[in-house]
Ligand code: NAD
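Below, in structure tokens: the form predicted alone, a single chain.
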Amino acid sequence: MHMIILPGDGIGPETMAVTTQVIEASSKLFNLGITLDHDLAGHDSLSKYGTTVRPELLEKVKKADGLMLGPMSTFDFKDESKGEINPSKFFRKSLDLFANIRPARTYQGIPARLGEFDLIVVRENTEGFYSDRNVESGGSEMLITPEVVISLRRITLLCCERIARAAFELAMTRKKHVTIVHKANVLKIGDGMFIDACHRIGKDFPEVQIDDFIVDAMMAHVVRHPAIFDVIVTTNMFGDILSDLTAELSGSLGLGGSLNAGKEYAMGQAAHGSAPDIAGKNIANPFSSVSSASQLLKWFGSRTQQDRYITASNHINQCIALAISSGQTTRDIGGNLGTQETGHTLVKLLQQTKIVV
């Protein structure tokens, strides 16, 4: 497996350093033969090349088997004519990474204030209210007068159907329960199409239980009793908000792994931002990035029918849980280790813990 590594901005280089150590240790342990190709995007690329993402980098990523993208200072990048391109948006749109898979679960060692739960948010990733990716060029947010802004949302049948299928396929590997989250009481046409598409695709999966919630009510249900949910499927902005909430409910946004996947390509990417206020202080939680890499390994193993990648992914997840339960973590989730020390501990656990196939 040939993997491109883009460390990113802020805490990205610190958390990605731990992630690459874990990937390399797993590669040796499971004979995966992973090669890592380090490159630049974000502020470092802007300083060196005059753009946050070089066109040739996209071609390089397309020839690889996977991409790990570190957190980017996306708020800083406002003018694409000056090379200030949002790398996350760029790769999601250019590679058609339509499914954003964001697991959230509780761990022994972190108080489960709302009880134990294990769920996954499956978020449509390429359209919706995101004005920088739902039109071919330019943006869909317009300043009509100095006092009036219009923001357009795009919802297409194709995107509804393929994200629904991704959710139902995932549910078949879990507890066979899909929850559709929407705002069809107000967005009657767009979210009406989304709900109809989900139910229509659901007919291909008769074993899967289906229910749906209006998004504001869903937030209340998730913070009251998250254990009742398994796979949650929703549109872009709702999924972005909901997945941050569920990650925080698990103990910290620093635990929120994230995979962006399409038919041909996939990108692991921590769910959190670049956190410049704590960059360079060796306190950032690396588990979100490591979990994202684990998801990328599982995606590649499933796509190529190589079970050892799936076993490696499961082993990484097991060792993250062991590190948390033993308190060998960063301070945000109750430990007293730095970012680097947490990484060293995790690598030791990978090497010393019995592998469960």
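Here the structure is a predicted model, which means the values were calculated and not measured. In case it trips you up, residue 1 is the first one in the sequence shown, and so on.
Form predicted in complex with nicotinamide-adenine-dinucleotide (NAD): not shown, discussed below.
- Comment: 73-81 is the region of 190-198, 73-81, 165-173, 149-157 lying near nicotinamide-adenine-dinucleotide (NAD) in the predicted complex, near meaning a non-hydrogen atom within 4.5 Å.
- nicotinamide-adenine-dinucleotide (NAD) in the predicted complex is approached by I278, whose closest heavy atom lies within 4.5 angstroms of it.
- Taking non-hydrogen atoms only, V215 never approaches nicotinamide-adenine-dinucleotide (NAD) to within 4.5 angstroms in the predicted complex.
- Residue contact check for S274: one or more of its heavy atoms lie within 4.5 Å of nicotinamide-adenine-dinucleotide (NAD) in the predicted complex.
- Contact check for T126: every heavy atom lies farther than 4.5 Å from nicotinamide-adenine-dinucleotide (NAD) in the predicted complex.
- Scanning L242, I120, L253, V208 against nicotinamide-adenine-dinucleotide (NAD) in the predicted complex with a 4.5 Å heavy atom cut-off leaves one residue, L253.
- N285 is the sole member of T179, T246, N236, N285 with a non-hydrogen atom lying within 4.5 angstroms of nicotinamide-adenine-dinucleotide (NAD) in the predicted complex.
- Contact here is defined as any heavy atom lying within 4.5 Å of nicotinamide-adenine-dinucleotide (NAD) in the predicted complex, and by that definition each of I11, S88 and D332 is a contact residue.
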